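The chain below stands alone and is given as structure tokens, in the form predicted alone.
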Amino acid sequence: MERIPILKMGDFLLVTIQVDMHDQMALALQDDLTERIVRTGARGVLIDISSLEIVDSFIGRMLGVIAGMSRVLDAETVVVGMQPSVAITLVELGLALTGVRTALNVEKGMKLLRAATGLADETNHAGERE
């Protein structure tokens, strides 16, 4: 079975979903991600779903479960890159994704993770305006 790669970026883990996820892949991601949070001591997880055009109720719930499990393991979760059609589908399915923070793109998601975890925003060392 194909696995979704999980990359470590400092105190955070980055998950970029590049394929349409099926139920078994989502369950494997849940297991892999929780294991990596524990092993690395990651403070945050950024999940990029910009390549997903379709999200069913199971995958939507799994995003919420992953965020909840991450929180229990002392890591914040931000989902980025949600397509408008995916957002509409999630709302129509009645999935509020409680506890899941969202951002438009990876850059904004990383900024949100840094703020949520209390880590300094490393992109603004030279006093640039944001």
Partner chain sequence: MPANESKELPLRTDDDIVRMRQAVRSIAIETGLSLVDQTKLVTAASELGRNTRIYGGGGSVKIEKVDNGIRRGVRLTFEDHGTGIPNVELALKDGYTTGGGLGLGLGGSKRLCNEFEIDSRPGEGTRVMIARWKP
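Numbering follows the first chain given and starts at 1. Just so we're clear, the structure is a prediction, and the values are computed from it rather than from any experiment.
What comes next is about the form predicted together with its partner chain, which is not displayed.
S.K.: Within 4.5 Å of its partner chain in the predicted bound form, heavy atoms considered, which of 33, 67, 49, 55?
M.R.: Here the answer is residue option 55.
S.K.: Sort through 37, 82, 95, 100 and report the residue having a heavy atom within 4.5 Å of its partner chain in the predicted bound form.
M.R.: By the 4.5 Å criterion, the partner-contacting residue is 95.
S.K.: Please tell me whether any heavy atom belonging to residue 108 falls inside 4.5 Å of a heavy atom of its partner chain, as the geometry stands in the predicted bound form.
M.R.: Result no; residue 108 lies far from its partner chain in the predicted bound form.
S.K.: Taking any heavy atom pair closer than or equal to 4.5 Å as contact, tell me whether residue 113 reaches its partner chain in the predicted bound form.
M.R.: Close contact is absent here: in the predicted bound form, residue 113 is far from its partner chain, nothing within 4.5 Å, heavy atoms only.
S.K.: Please run the contact check for residue 61 against its partner chain in the predicted bound form: heavy atoms, 4.5 angstroms, yes or no?
M.R.: Yes, residue 61 sits close enough to its partner chain in the predicted bound form that at least one of its heavy atoms falls within 4.5 Å.
S.K.: So in the predicted bound form, does residue 88 come within 4.5 Å of its partner chain, heavy atom to heavy atom?
M.R.: So residue 88 counts as contacting its partner chain.
S.K.: Exactly one stretch in 41 to 49, 100 to 108, 23 to 31, 68 to 76 has heavy atoms within 4.5 Å of its partner chain in the predicted bound form; which is it?
M.R.: Heavy-atom contact with the partner occurs in 23 to 31.
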